[in-house]
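Listed next as structure tokens is one chain, alone, in the form predicted on its own.
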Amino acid sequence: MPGRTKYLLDETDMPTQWYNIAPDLPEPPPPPLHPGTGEPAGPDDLAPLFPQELIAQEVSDQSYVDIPGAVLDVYRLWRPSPLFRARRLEKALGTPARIYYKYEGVSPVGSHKPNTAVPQAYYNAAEGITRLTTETGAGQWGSALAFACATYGLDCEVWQVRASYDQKPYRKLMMETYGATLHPSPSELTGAGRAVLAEHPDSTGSLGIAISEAVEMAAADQGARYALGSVLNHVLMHQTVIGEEALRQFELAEDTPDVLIGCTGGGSNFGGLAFPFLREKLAGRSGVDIRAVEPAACPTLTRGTYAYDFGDTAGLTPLLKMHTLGHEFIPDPIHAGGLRYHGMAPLLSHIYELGLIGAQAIGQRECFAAGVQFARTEGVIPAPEPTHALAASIQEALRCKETGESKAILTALCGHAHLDLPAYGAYLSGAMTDNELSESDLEQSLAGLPAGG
């Protein structure tokens, strides 16, 4: 069909398995370590935080894991999600490039996060857990877990990074509508929160601090477990339904991507789109160039150190080998709250170290300029996080304009900005500034890495 805009799959075409990239990598990723012994962490070390099925998925050596039928039933509320050809953006840029975006904003909460929130709530409920605790930055993950907990009758308690809690009041209302209890982090409810507030009473918080609070509360309650929205292997695996669908949709488009670009904070959205395409590349069936884009204010891949570090600020989690800015790092309160994490998913960090993907960092004003241009051409107002991928996609499309190349560019539009409009207000009014991490602040943060990390 000439001029086709969207490529849709039927519910019967929805993937029935998640893809685990770890067994297909040329080298296995380093294991998590027990912080006390320095030895690889085993299932028993993770049992206080996660149900057994998720622990099994975390360490699985199988390339595919079946998606339970009960989870597929919930997925059908929004999956398969559409793949769009951004023809109006292409025309505005005057580029010969073909720009596609996989749109996850069609989910009930407006982002990709329910792809893992639903199975996490399902497995916990199946093991008799009655309450889940978690952290959230921008609020997309907290909203998704609140929705999933409502689906399976679980209580949900969320610690939201203070900066985002103040910036995004409607996220609080969304979570409460689904039945969740929400606290700004750092809070007085936990030892981890009180320790931060004692030293920094006006702390704007971080995902690392919020994780510490949620983990502390889950570990103290036998009927509770902790749920994480990114970073861990099983989380990225659940998100691969995005890339598996996109592969089938490119068959409908009779095209194949030359460049794949996604935003990265903890890594779930990026890994979910990229991993199935990387599988094809490793098998020699694709030559796609895969790139991760992160904020200049929180440049984990591009400026962080590859080392063992805690996933949280208080040091309650196992040690993860990842690109990190240091678990004590407190990022500037940029509007892309979902990308303000000190570490990167161990799997993505390992893949980056192997040279299988590239990375770049972009300031938030360029990203919001890309978001505005996308909104005025394609109609969707992107969440602050995917504007990073859009900015890099526009850069690539303009390079194609200079060279005359007609590349196919695929990007992940992982959510809409209907509850993030104050961020656009800051950009449109000229109040938004770029925050770039200084070398001195980076050195200070990295000095707090665990010994031998």
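Note that residue numbering follows the sequence shown and begins at 1. In this text, all values refer to a predicted model and were calculated from it rather than measured experimentally.
Quick note: we don't show the form predicted together with another copy of the chain, though the next part is all about it.
Among heavy atoms of P169, some come within 4.5 Å of another copy of the chain in the model of the complex. Although the partner is absent here, D332 is not a contact residue: none of its heavy atoms lies within 4.5 angstroms of another copy of the chain in the model of the complex. Using a 4.5 angstroms threshold between heavy atoms, Y308 stays clear of another copy of the chain in the model of the complex. When another copy of the chain is considered in the model of the complex, E176 lines it closely, a heavy atom lying within 4.5 Å.
A heavy atom within 4.5 Å of another copy of the chain in the model of the complex is found for one listed residue only; from R88, R248, R285, R194, this is R88. Residue L77 is the only one of A369, A126, L77, L189 with a heavy atom lying within 4.5 Å of another copy of the chain in the model of the complex. Every residue in the set A150, I381 and L421 has a non-hydrogen atom no more than 4.5 Å from another copy of the chain in the model of the complex. You can rule out all but one of 292-300, 160-168, 348-356, 234-242: in the model of the complex, only 160-168 has residues with a heavy atom within 4.5 Å of another copy of the chain. Using a 4.5 Å cut-off on any heavy atom, the residues of 6-26 that reach another copy of the chain in the model of the complex are, in sequence order, K6, L8, L9, D10, E11, T12.
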